[in-house]
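Just the one chain here, laid out as structure tokens, in the form predicted on its own.
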């Protein structure tokens, strides 16, 4: 039997070369300016959500429809059953179907599959493997696009770099400050992980501020340090907020959970209760070099970021959200050769 042909999946932005990322960003700008025609007429994209979504679902559906394609939207909580992903599993549990079969069947109906996989929340060591999205990619016969796994959010990173380029021009040598923010329901680590590697590949200097106990994934940090050394950038972590923001060109606010307490909500809540004052306000932002504010959303106003900053002239949160639409159109055009 012949080997299955290589399929251009996008599980993380590192799946693309630097030139491919540059080309995608250039195409994103042209699409935003409505320069050039790209069509997905006759193409259908399957959207599978195992977790809730607002911006990702809306922007992806809009991207497909505006290019003339159609979407099939499926939500795990209401539209289908649990799926088994372990290879060789004896399926005598809750899941009546294997990802292998679901992926191969859906591949007959759609031109691509965009998936936001479920997280177990029981073990970071298990969740960080992104086993579910990788299983879909292994068995699908069409491109699989990661709409946010435990470890990566390539779609957000693509829009973030597009926004940074629009704002700062050449990113080499520019300083990005990523500031942890307090939230009773912290976001996943995927946005920050993807942002770190994407910005360092662009030659930026990145500073990460967070309280003790909120260190990012060590393997991701190790990869990020290697990228910084290769590209002439710099990475500093574990800083105080003021130290990270001073002289920065962009402040990226984001909550994330402690990996030390990943499977223990009681300890996690106790740790969060001891971390007060991590809010991006005007006094913090003005320490930067005419610093702009970015946040992937959703954002808890006056807890993560103050109204004054979010609604102020240096906030990029809406431009950032809009760029999800344009960059995802570019990605679809490239993956599906529109």
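Numbering follows the first chain given and starts at 1. Predicted model only: the values in this text are computed from it and were never measured.
The same protein has a further form, the form predicted together with phosphoric acid mono(formamide)ester, not shown here; the description that follows concerns it.
Remark: none of the three candidate residues (177, 249 and 314) comes within 4.5 Å of phosphoric acid mono(formamide)ester in the predicted bound form, counting heavy atoms only. Exactly one of the stretches 119-127, 68-76, 199-207, 153-161 approaches phosphoric acid mono(formamide)ester in the predicted bound form with heavy atoms within 4.5 Å, and it is 153-161.
None of 269, 303, 54, 41 but one reaches within 4.5 angstroms of phosphoric acid mono(formamide)ester in the predicted bound form through a heavy atom, and that residue is 54.
Shown without its partner, this chain lists 47, 31, 296, 285 as candidates; in the predicted bound form, only 296 has a non-hydrogen atom within 4.5 angstroms of phosphoric acid mono(formamide)ester. At least one heavy atom of residue 324 is located within 4.5 Å of phosphoric acid mono(formamide)ester in the predicted bound form.
Contacts to phosphoric acid mono(formamide)ester in the predicted bound form (heavy atom within 4.5 Å) from stretch 17-34: none.
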